[in-house]
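Form predicted on its own, single chain, as structure tokens, below.
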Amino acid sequence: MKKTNLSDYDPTQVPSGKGRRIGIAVAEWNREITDALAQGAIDTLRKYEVVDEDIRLVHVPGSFELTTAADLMLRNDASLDAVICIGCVIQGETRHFDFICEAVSQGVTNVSLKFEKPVIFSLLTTNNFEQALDRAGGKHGNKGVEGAITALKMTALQKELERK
């Protein structure tokens, strides 16, 4: 079955976030979109018992800066269990789109491996603004919700594997 809504998930398969500390780095570029994604992530973390004091939110100028923000957050706050990187890159007339998307995806992976903690890729890469709206609370759900669920699942997996 093809998944068409980013906010569709089985709530019985989502671990509690109680006691988890989650960072969220949000790009200011395409702010209408990224603010909606960030709110989706925050609301979902709260729903699964992450308290406001355990959510650390920072803003950066654009999506390219998300990986630096994640690196800085994890370097300066070892108590963070994960960082969600939220941004939106919309295809334009130049190859800028390709360079930014590739740099962020590789950067997220590198930061995650460097700190041995989940760094979640919640970057929208769309052809136009309408597609971004559809994925920021519109007809295709909210990628911020998906990022929060992923962070909760990955931090639970890490804790489980560390106990073995």
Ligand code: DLZ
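In this text the structure is predicted, and so the values were computed from the model without any measurement. Quick note: we count residues from 1 along the sequence shown, nothing fancier.
Another form exists, predicted in complex with this ligand; not displayed. Remarks below refer to it.
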Touches this ligand in the predicted bound form: Asn30 (any heavy atom, 4.5 Å): yes
Interface membership of Phe115, this ligand in the predicted bound form, 4.5 Å heavy atom rule: no
Touches this ligand in the predicted bound form: Gly62 (any heavy atom, 4.5 Å): yes
Ile90 within 4.5 Å of this ligand in the predicted bound form, heavy atoms: yes
Options 129-137, 42-50, 94-102, 107-115; stretch whose heavy atom lies within 4.5 Å of this ligand in the predicted bound form: 94-102
